[in-house]
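Okay, so here's just one chain, in structure tokens, the form predicted alone.
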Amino acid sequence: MAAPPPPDPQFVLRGTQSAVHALHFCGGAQGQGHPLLLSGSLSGLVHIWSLQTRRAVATLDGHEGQCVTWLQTLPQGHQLLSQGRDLKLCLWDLAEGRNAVVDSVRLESIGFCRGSVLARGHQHWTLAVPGRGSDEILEMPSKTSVCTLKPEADAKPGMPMCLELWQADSSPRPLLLAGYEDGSVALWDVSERKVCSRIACHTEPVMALDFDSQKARGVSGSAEKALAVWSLDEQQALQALRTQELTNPGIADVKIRPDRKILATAGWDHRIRVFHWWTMKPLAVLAFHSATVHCVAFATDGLMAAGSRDQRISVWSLYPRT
């Protein structure tokens, strides 16, 4: 029996007028009740899309024409963080139809590294952002610097390329996973300001990583032709588990679906690849886009979106959650 052909997208969003570099699903902000999709573009704009009408309901312009690389909503739902290549991280208030920048953080690093947020109750959150060869941890919204995480003197991992703040259920201490220019992934204890563990995952810079805190397993992608899967043991030591070979080099983004059943990668080869998260069995290769796919995102209901240099956002319903 031949395998069935890969599906087409459910629908396609057009109108960003420049390459799409960031995507994020959020719940019904702006009093709409339905999930919204946020996209960040090369031209510095953030579009807020209604998935019902499949049109942009608002456009945010806060990055002076510089590429938007990361989007994240805060637990309250009506506050949005956007990070741009203008060395600025903006905090937006989207409540009741507003779209004003209410605060901003100046960044040190001009690289491609996206920030990461850890919610600490409804009003407070911890923010990790890239610095010059280090990671900055800030307590928000006060912008108080908690610490700067600088690699050990003998370690020369290069610039941080991707960050993931998280917290184990059994501990109140925040932990940070960071992927570096030399292809290594490190686990930091933020409170102790020290590296608990570091492993060499790739021979090229780590472009993206995601972590499943329930299974204590993570996955990372780089400029090479492989995904690395690794785990975290009880002693907070990172262990390499396996390498998943790919057909073509270059992974721009990797995301595990919230139900931890599948994961998707955004490829330089214009492809979205979907894998079973536990076995890493390849499930689908989606060849819809005509240029580099820069980002993928999952909604809590399992819907997936991908953004590309071809200025299109494809929205997919794959392996529906049971």
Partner chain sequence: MDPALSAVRLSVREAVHTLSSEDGGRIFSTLGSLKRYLGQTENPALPGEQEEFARVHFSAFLRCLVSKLSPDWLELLPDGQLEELWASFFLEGPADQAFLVLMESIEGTAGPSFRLMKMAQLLARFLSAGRMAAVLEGQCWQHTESASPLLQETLLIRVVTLPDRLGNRLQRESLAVFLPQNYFPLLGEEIVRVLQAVVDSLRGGLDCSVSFVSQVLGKACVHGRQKEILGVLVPRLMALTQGSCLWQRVCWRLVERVPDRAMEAVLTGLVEAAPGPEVLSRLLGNLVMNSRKAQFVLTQKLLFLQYRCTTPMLQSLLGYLATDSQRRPLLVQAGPCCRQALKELLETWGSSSAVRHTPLPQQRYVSKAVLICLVHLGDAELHDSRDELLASLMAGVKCRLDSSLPPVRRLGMVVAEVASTRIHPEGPPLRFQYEEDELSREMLALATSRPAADGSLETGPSVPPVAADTPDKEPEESDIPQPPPDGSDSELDSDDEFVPYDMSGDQELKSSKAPMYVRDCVEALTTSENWERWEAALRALEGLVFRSPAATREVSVELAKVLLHLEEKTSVAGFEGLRQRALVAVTVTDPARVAKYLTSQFYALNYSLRQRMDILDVLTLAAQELSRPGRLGRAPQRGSPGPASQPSSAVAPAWRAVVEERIRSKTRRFSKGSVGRGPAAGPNEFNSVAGYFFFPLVQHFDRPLVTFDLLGDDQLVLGRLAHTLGALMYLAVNTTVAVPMGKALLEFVWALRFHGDAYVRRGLLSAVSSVLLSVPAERLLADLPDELLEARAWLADVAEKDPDEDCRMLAVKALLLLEKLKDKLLPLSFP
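Positions refer to the first chain, counted from 1. Every value quoted in this text rests on a predicted model; they were computed, and no experiment measured them.
Not pictured, yet referred to below: the form predicted together with the partner chain.
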| query | finding |
| --- | --- |
| Distance check, K255 to the partner chain in the predicted bound form, heavy atom within 4.5 Å | no |
| Close approach of L318 to the partner chain in the predicted bound form, 4.5 Å, heavy atom | yes |
| In the predicted bound form, L241 touching the partner chain (heavy atom, 4.5 Å) | yes |
| Contact label in the predicted bound form: N248 to the partner chain, heavy atom within 4.5 Å | yes |
| Among the candidates H47, H63, H294, R273, the residue which, in the predicted bound form, approaches the partner chain to within 4.5 Å (heavy atoms) | R273 |
| Interface residue in the predicted bound form among R120, K143, K215, K150, criterion: non-hydrogen atom within 4.5 angstroms of the partner chain | K215 |
| Heavy atom distance at most 4.5 Å to the partner chain in the predicted bound form, all of P7, D269 and A284 | yes |
| Contact stretch among 53-61, 66-74, 34-42, 258-266 - heavy atom within 4.5 Å of the partner chain in the predicted bound form | 258-266 |
